[in-house]
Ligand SMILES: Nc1ncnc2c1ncn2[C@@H]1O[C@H](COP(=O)(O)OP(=O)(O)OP(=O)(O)O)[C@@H](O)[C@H]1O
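Below you'll find only one chain, the form predicted on its own, shown as structure tokens.
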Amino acid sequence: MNGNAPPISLDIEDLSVTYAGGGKQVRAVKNCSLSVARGKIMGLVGESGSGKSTLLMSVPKLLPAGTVTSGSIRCAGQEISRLGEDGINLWRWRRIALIPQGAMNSFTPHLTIERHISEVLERHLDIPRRGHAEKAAELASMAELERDALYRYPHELSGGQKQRAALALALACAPDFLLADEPTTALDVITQKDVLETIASLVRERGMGLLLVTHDLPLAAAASDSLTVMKDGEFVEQGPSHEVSHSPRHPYTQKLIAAIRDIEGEKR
């Protein structure tokens, strides 16, 4: 790669998203722009209902039917927001992979974890079946998932194991970018830290970009290079993680951090 070439990035420009239903329209995302370079982690934080997950799901075009979007989403310089289903399918998994918020419940109950991975390899990479077991073991090792977990069914795994299995699936096609939607929800504090450290380490080691959506500002600040704070569908603050978390400028960010400090004080 040319050392002077700009880094490959995922660029969202002036994105707006409107849901229609029940006779009214709800503008969930309002003219938002951000850029995530490969090898970098951006944390997108804000309270529930702020529009974080809607923005993230706009990238792989996984919003409900009838949702109206405007603006631009480019990956590696190519416009993907206007692609049809066949076109965007060429980007999902292979260039952009999702760790969904519902990863705990997103597995097919009657398939082992290895079979889940096998289906991704077969459909998206056309890897012969004889090579699936070796590749699945490699992915499990990368996600720090015990090898014997590959041969078990989803209900037989702990929450942390399921999250690592979801990470292994997301890594299957060696994507340029990971989209993680509340990847540590419902996990205990120690497991949250361990899982997020695994994700962040892999992103940096493999030169991927990561857009991390979470309501947990301290967790995001610890893992991310930069933070974007979202409220009521709009970005209210963006900057390096240490600046946003230690010297917030916007009143809403200040309020978030103050609330966290109050909670931490009550726990002591």
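We call the rigid core the largest set of C-alpha positions that still match within 1.5 Å between the two forms. Numbering starts at 1 and runs along the sequence shown. Keep in mind that what you see is a predicted model, and the values were worked out from it rather than measured.
Keep in mind the form predicted in complex with the ligand is missing from the figure; the text below concerns it.
- Exactly one listed residue, out of Leu34, Val26, Val236, Leu202, brings a non-hydrogen atom to within 4.5 Å of the ligand in the model of the complex: Val26.
- Under a 4.5 angstroms non-hydrogen atom cutoff, the ligand in the model of the complex has Ser53 among its neighbouring residues.
- Taking the partner from elsewhere, Gln101 is found to have a heavy atom lying within 4.5 Å of the ligand in the model of the complex.
- Contact annotation for Ser70: none of its heavy atoms lies within 4.5 Å of the ligand in the model of the complex.
- When the ligand is considered in the model of the complex, Glu114 lies well away from it, no heavy atom lying within 4.5 Å.
- With the partner left out here, the ligand still marks one of 43-51, 236-244, 219-227, 203-211 in the model of the complex; by a 4.5 Å heavy atom cut-off that stretch is 43-51.
- No member of the trio Gly39, Glu138 and Phe177 reaches the ligand in the model of the complex with any non-hydrogen atom inside 4.5 Å.
- If you take 182-198 and check each residue for a heavy atom within 4.5 Å of the ligand in the model of the complex, you get just Glu182.
- The two forms, fitted on the rigid core, differ between this form and the one not shown by less than 2 Å at the CA of Pro251.
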